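Read the single chain below, which is given as structure tokens and is the form predicted alone.
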Amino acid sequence: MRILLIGAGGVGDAIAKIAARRDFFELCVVADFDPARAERTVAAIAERTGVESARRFIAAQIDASDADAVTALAREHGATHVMNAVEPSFVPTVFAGAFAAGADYLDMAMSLSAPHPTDPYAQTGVMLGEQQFAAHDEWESSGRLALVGMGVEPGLSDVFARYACDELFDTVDELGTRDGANLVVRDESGNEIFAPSFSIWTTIEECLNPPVIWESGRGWFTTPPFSEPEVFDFPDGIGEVECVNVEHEEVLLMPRWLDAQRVTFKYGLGAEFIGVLKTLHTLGLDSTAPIRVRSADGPVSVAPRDVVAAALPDPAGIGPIMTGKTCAGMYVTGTKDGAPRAVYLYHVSDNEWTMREYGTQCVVWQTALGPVVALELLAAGTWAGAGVLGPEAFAAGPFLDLMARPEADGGFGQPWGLREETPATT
């Protein structure tokens, strides 16, 4: 396997560092628009795992908005797999470039909605991933795989959903992704500061778009942003966090392969974060449409959302000043052997551990884990397929076993949890 990894931001950097400890691939080209970022990743791998291990990594420059550039770089290095680790706005070009190069493709965030056709305020538009699923027949007839939504959420959450449907339930009422954390970022004086642990560009897109829900007999529909708040008790000391509906790929993926009455995604944002997002929307600072602004060099055109992203700390760099844990999981309700059942399947990532072991903050590290596990399963032939497919299209057992197995036994040493919940009686 020869990998072209596009994007050396927080998640791309973490993917490379996790992969450096594995031996399933021959080469990984780390490419970024800023070649210095790619070079830093390769240098960090050499420092942590040794120069010999780093010989499998090459830094390169790429413009992810140029499909031809993706194709050319993939062909130059004989890439068998293109791993997309840039913002979802670049999905169409990286997706097309990988196909033209004859490579398989993976991403963690799918093509964007614009806007939802089920939104009562919009009569036209496309849903998350719709552009990619439209190319399914083309990918399938070519015998090649585009594995979409293979991060942590979406990704591991979808694997959990498939496992629950196959192994834990006879009938499923709801597949509900629930994500929460108790992360805190502090400045040098110890004061808590506002510093999102993931790309603010992507977070704005997810949280301010109308959230999607899927129900049997109704299909996909949307609700207002931050709808249906609920307090969810997260494990491993994180505790209770208020979660709200958010637009996310799981809701667009799971109903295509899994049988459930309802599919939801809820994110533990917290009152402060919701307030900031609402303010950005009120001021128009969530917009991606360029506006002309003054600068020292004269008027320039810039998208307000890009200004917000540039003004906030880089998520890749906040690890040393962040504490706490993040939890990704799947809350499932239904029946087993004629009795009601409810479980929460989850994985917790501790920032102290990821920083010590990988020099990477826990949110981006957890996001990066799933793609590397998936790539290893594809390299071994354990997972195989053609077309545009989500994680739930593949057997969950091999993924969860490889992820949880101790590193000494060839696994990733990342155990996952299963917590029995009290089923609702009404």
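Computed from a prediction, not measured in an experiment: that's the story for all the values here. Quick note: we count residues from 1 along the sequence shown, nothing fancier.
There is another form of the same protein, the form predicted together with a further copy of the same chain; it is not shown, and what comes next is about it.
Thr282 belongs to the set of residues with a heavy atom inside 4.5 Å of a further copy of the same chain in the predicted bound form. a further copy of the same chain is not drawn, but in the predicted bound form it has a heavy atom within 4.5 Å of Ser301. Put simply, Ser295 is close to a further copy of the same chain in the predicted bound form: some heavy atom of it is within 4.5 Å.
Among residues of the shown chain, Asp236 is not one whose heavy atoms approach a further copy of the same chain to within 4.5 Å in the predicted bound form. If you check a further copy of the same chain in the predicted bound form, you find a heavy atom from every one of Glu87, Ile291 and Ala311 within 4.5 Å.
Proximity to a further copy of the same chain in the predicted bound form, defined as a heavy atom within 4.5 Å, holds among Tyr163, Phe232, Trp201, Tyr344 only for Trp201.
With the partner removed from view, the residue among Ala114, Leu168, Val307, Ala100 that has a non-hydrogen atom within 4.5 Å of a further copy of the same chain in the predicted bound form turns out to be Val307.
With a further copy of the same chain left out of view, the stretch that reaches within 4.5 Å of it through heavy atoms in the predicted bound form is, among 273-281, 242-250, 152-160, 260-268, 273-281.
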